[in-house]
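Two versions of one and the same chain are coming, encoded as structure tokens; call them structure 1 and structure 2.
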Structure 1
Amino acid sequence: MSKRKITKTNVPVGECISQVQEMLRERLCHQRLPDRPEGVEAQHKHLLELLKRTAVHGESNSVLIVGPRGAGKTMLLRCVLRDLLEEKEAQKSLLQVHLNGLLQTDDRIALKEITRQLHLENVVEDKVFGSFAENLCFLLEALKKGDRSSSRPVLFVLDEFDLFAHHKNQTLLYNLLDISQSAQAPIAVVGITCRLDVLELLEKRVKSRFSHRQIHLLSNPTFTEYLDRVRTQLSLPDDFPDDKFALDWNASIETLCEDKSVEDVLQRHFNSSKDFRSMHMLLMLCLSRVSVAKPAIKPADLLEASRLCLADANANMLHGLSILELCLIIAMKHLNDVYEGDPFNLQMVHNEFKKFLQRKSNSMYNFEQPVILKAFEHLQQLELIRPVDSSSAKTQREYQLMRLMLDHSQIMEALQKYPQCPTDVKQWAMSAFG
């Protein structure tokens, strides 16, 4: 008995690290649902009862799940569906149709997708036949033919529900909600949206057929709850194969969460976004630094992960520019200061650059106009500058009005980190920023 126990608990460190990374990645990437969603128990119970009435008792319903992005709307629905399908009757009879407003951009595409997911008669090898009108008639007949006792219940999940409200005449929403309100085939319509004013987007005839049930998920955790979430997300469960490794790992996570520098980093992330997705991204970057040589997350790892998360993409892009392109950006900054943010064109930038060359620089030579035009176009491709309006496309390229999409701090940071930046250019930039 004792020998068996020893073989269970003593696992090589490399294997332990692999298991930790696999387990935590599943958790942080939402591949594994939590046993019960935290902080939304009442909403979970309400939605489960609602869908159970459709799946088991054949009662039609409609409901909206409303909340900001990252609040856990999709996770809540997935947890409810998992619990619902544990019931044999629901598992045997419930049909599911999942639509997304970003993919099904009009009712024609949405109807084809519904027909395909329900495996109806006009589907052959995933291809849907017939016109929009025929598909609609066919689908409505298929749904209206049944009644509460003989038909299989259908669950329609409409992700990005507000985008379906922009479809012409809201035909799909009208017909789905009309069936859910009448005593025909039992269907449940679940809309997921992050717009609080979503009901205002619905036409009067559609709104009158909606049940007006709304489940709100307003994610507003305190910093203590946020810190606890970090702790639970990184902790290992009791059934981890190596007991000693799990104890050491959990103890190191406790120490990590009590560290003052770690608390400051998490506070900064909490102040910028209370969204758990961004927190999971931060923890994922920390986890990627764990190895056999470094079998625990250290405060330095979290600081580095935070630096990567909060890194400015535009400032990073500046590090890869040529000296000429950097000089053009400094010239634009000078023009912005002189003309108080008014737009500029290539000719103005070139004149400003020429002044710099005449006044200060011995280390650089005068570039030809086509070279400067090419550098200017490259900055536009990188979206570091953009045209003021689309009508300017007709004007000559040298005279198109542009705006600079960078601020003072981004340019200064890039200059500090730019490898072997000429002193003259740095001084010129400093004179621009005072």
Structure 2
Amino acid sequence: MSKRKITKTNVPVGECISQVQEMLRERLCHQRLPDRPEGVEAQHKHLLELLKRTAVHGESNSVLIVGPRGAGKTMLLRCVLRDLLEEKEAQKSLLQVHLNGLLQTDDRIALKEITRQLHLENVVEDKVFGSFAENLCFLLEALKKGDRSSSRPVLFVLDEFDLFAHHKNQTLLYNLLDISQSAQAPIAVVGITCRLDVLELLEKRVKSRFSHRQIHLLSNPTFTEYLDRVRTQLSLPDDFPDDKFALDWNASIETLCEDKSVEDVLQRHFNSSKDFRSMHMLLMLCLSRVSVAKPAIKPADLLEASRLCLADANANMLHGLSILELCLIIAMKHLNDVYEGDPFNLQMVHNEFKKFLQRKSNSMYNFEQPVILKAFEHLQQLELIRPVDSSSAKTQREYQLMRLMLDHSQIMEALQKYPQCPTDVKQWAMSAFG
């Protein structure tokens, strides 16, 4: 605090807004690491201890970080690594290999990547190995060379760990865990996954070599804590270039979070998902509406952002259908009512539509079958209807069985919002049976 005696002021407002955008976007869009991971202090401590034992004392280990999407698993590991490397000794000796199940899709690719990340391409050159295990051991052995008699510890991070379980024979997993268990070389294997049932994916011989240490990230904050998080995510730090602006901004965030309508909106989001990532998306939409002309986040911004997040995409698409296509959807809805959800084909839909036209319509006239077929195909292209089985390529198009991928409430909602929907069409949709 003492350093900040000289108050920094008089930065033009445009410059301040630019700074706000830059700082907050790093948090909301770029996974900037927090100084201290909120709400997962225990997990942080646990993992730090474990990795320290490998980095400093050369012990081998394996651990899984398990938690839902966006819960902060990757963030936790990166925070721990940052803090671990503050220790001189760890920084000097620890080697890191980062793999991701999305990228290293088989063990050959993975091995190539390990070699590269350990800077051993030159050592390996064109050597031929009898087995995967031999190759991996060679790599770890190669690290021993030089002035040390003992190996340098290596940290293996396997993000999307469950995907590695699909590799043939789980060779990579088996070998890594085998080394970590038999302590041939000091390695730590950290798996990150969102699958709670991940252990069931492992073969017996792989599973038995795993330490069964798991760190769970199932943080379940109370609403007050959630509200606090929103506040901290939006607040400006002490070292913001303009003190006065930062004070005003932070005060406005306080006011924002106390607003009743804001609280309601946040409560709704809290009830559907409590993780940081979905909160970030909501807040990013708010932040994007901040400009020089409007240098603060207002309750209206949050309401609008929430509206965008919660919008029903199917209803949005129905809004843009032609009236003919909408009529076909209504006919399908009626068929679903009558036949209790059995699949239908175009011929039946057209027939249902004709019944409506005969009864009374004056706003619509009958179209030729090919025009109807084209509309039907458009609906299929939009995946609002789907063929029951894809193998029926030989069936005539008008007899192919289909299912409607919408539920009644979505159709009804779309109907309410449909621009200039003729009343007779509306009534037809409302009537229980066609």
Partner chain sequence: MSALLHHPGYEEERLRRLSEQLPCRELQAGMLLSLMGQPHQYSYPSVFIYGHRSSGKSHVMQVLLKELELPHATVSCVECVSVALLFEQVLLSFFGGDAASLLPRSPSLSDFVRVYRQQCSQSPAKQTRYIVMEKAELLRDADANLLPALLRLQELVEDNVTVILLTEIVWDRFRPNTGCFEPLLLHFPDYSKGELQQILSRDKHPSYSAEFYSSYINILLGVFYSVCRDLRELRHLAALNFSKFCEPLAEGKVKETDTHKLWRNMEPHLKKAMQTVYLREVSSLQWEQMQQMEEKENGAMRGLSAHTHVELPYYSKFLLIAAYLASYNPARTDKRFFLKHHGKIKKTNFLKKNEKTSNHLLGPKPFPLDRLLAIFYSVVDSRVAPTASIFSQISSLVTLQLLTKVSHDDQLDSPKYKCAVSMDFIRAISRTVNFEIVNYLYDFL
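All residue numbers here refer to structure 1's sequence, counted from 1. We call the rigid core the largest set of C-alpha positions that still match within 1.5 Å between the two forms. All values reported here derive from a predicted model rather than from experimental measurement.
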Can you tell me whether structure 1 or structure 2 is the form predicted together with its partner chain?
2
After a core superposition, would you say Leu234 shifts its C-alpha by at least 2 Å between the two structures?
no
Honestly, after the rigid core fit, is Arg25 moving at least 2 Å at Cα between the two structures?
no
Superposed on the rigid core, does the Cα of Leu328 end up 2 angstroms or more away between the two structures?
no
For Gln104, give the CA shift between the two structures in Å, the superposition being done on the rigid core.
2.9
